[in-house]
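Read the single chain below, which is given as structure tokens and is the form predicted on its own.
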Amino acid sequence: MWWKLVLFVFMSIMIYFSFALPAPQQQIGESSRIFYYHIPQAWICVIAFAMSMFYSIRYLQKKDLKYDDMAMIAAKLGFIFCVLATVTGAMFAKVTWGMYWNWDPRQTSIFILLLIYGAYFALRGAIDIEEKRAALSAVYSIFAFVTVPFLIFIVPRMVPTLHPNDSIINSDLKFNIEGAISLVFFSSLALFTVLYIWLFNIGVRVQLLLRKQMELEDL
């Protein structure tokens, strides 16, 4: 329980300093403060979808439905964080470009990613036989993740974009931020990662309880 309190305290400190310190990118201005939240959300999106693929592979190897549950929970959280990254990106676009959505390559690619994983949940909802649903979902999840690095990292850099490409890392793969600003940014990455792990573990425990309840009802 103590670590949850620690997470809350450090998250509160991070949020405070994300507004108290100078904006991370002076060229962009105050709107660049959203980087403290937008980038970690996109990072968790990738991590969660990668975990969904990992547990999908484990299900195909072990045929244990607990891995299917874990893959589903990771995908759900990944989808939520993907939506959050889309919303915060749209907020940034409104301030800097004058409109929430203009089909910029990065906006388009993350929209496609949402459609791909939306189809994953549609597939799960369309199949009643649990083992068949788990197997087909696992295969879909594996192939779906192949698109993640392509849509998140490759496509937006192949075509011209309004998105600031070197806002955090420049063309030489060196960080553009330093000092207290970099401390807040990397703290945000770490704290969002811990938050995701906590939510994932909660989801796994809830799913385990639901399975036990279903087993009792079948007796």
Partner chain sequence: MDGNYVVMAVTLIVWVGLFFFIFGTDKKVKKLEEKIK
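Bear in mind that the values here come from a model prediction, so they are computed numbers and not experimental data. Positions refer to the first chain, counted from 1.
Same protein, other form: the form predicted in complex with the partner chain, not shown, and the subject of what follows.
- The partner chain is not drawn, but in the model of the complex it has no heavy atom within 4.5 Å of residue 197.
- The partner chain is not shown here, and in the model of the complex it never comes within 4.5 Å of any heavy atom of residue 58.
- Mapping the unseen interface onto this chain, residue 185 falls outside it, with no heavy atom inside 4.5 Å of the partner chain in the model of the complex.
- Remark: residue 64 does not count among the residues lining the partner chain in the model of the complex, judged by a heavy atom distance of 4.5 Å or less.
- In the model of the complex, not one residue of 85-119 has a heavy atom within 4.5 Å of the partner chain.
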